[in-house]
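Single chain ahead, written as structure tokens, the form predicted alone.
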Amino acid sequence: MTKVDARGYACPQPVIMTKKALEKNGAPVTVLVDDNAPLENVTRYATNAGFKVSHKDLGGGEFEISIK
């Protein structure tokens, strides 16, 4: 499983990082983000690309997005 740490990055960087990881390694990919905007944008991108997406609230404003 590939892990992308996109914490601290503003959009669209987390989406670009996720897209590159999926193109290079395929699913599954786990993405860490620390804001609602990247959470929504990465989720929207992966869903529109045909992947199954779920996320977990890690607390402190951080989220773990699972893309399969």
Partner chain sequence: MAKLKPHLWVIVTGLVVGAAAVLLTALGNPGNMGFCIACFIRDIAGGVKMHTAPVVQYVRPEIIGIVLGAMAMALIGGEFKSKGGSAPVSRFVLGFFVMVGALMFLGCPLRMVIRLGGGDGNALFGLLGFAAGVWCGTIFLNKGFSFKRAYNMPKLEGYALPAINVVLFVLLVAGAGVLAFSEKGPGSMRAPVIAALVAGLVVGALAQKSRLCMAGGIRDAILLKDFHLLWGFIAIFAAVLVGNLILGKFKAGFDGQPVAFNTLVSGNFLWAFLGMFLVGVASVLLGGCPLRQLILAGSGSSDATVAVLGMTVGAAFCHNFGFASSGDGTTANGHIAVIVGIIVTLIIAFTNCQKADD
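Numbering follows the first chain given and starts at 1. Here the structure is a predicted model, which means the values were calculated and not measured.
If you look for the form predicted together with the partner chain, you will not find it shown, but the lines that follow are about it.
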Just to confirm, C11 within 4.5 Å of the partner chain in the model of the complex by heavy atoms?
yes
Contact test in the model of the complex: A21 vs the partner chain, heavy atoms, 4.5 Å:
no
Within 4.5 Å, heavy atoms only: does K52 come near the partner chain in the model of the complex?
no
How about R44 - does it come within 4.5 Å of the partner chain in the model of the complex, if we only consider non-hydrogen atoms?
yes
If you look in the model of the complex, which residues in 16-37 sit within 4.5 Å of the partner chain (heavy atoms)?
I16, K19, K20, K24, D34, D35, N36, A37
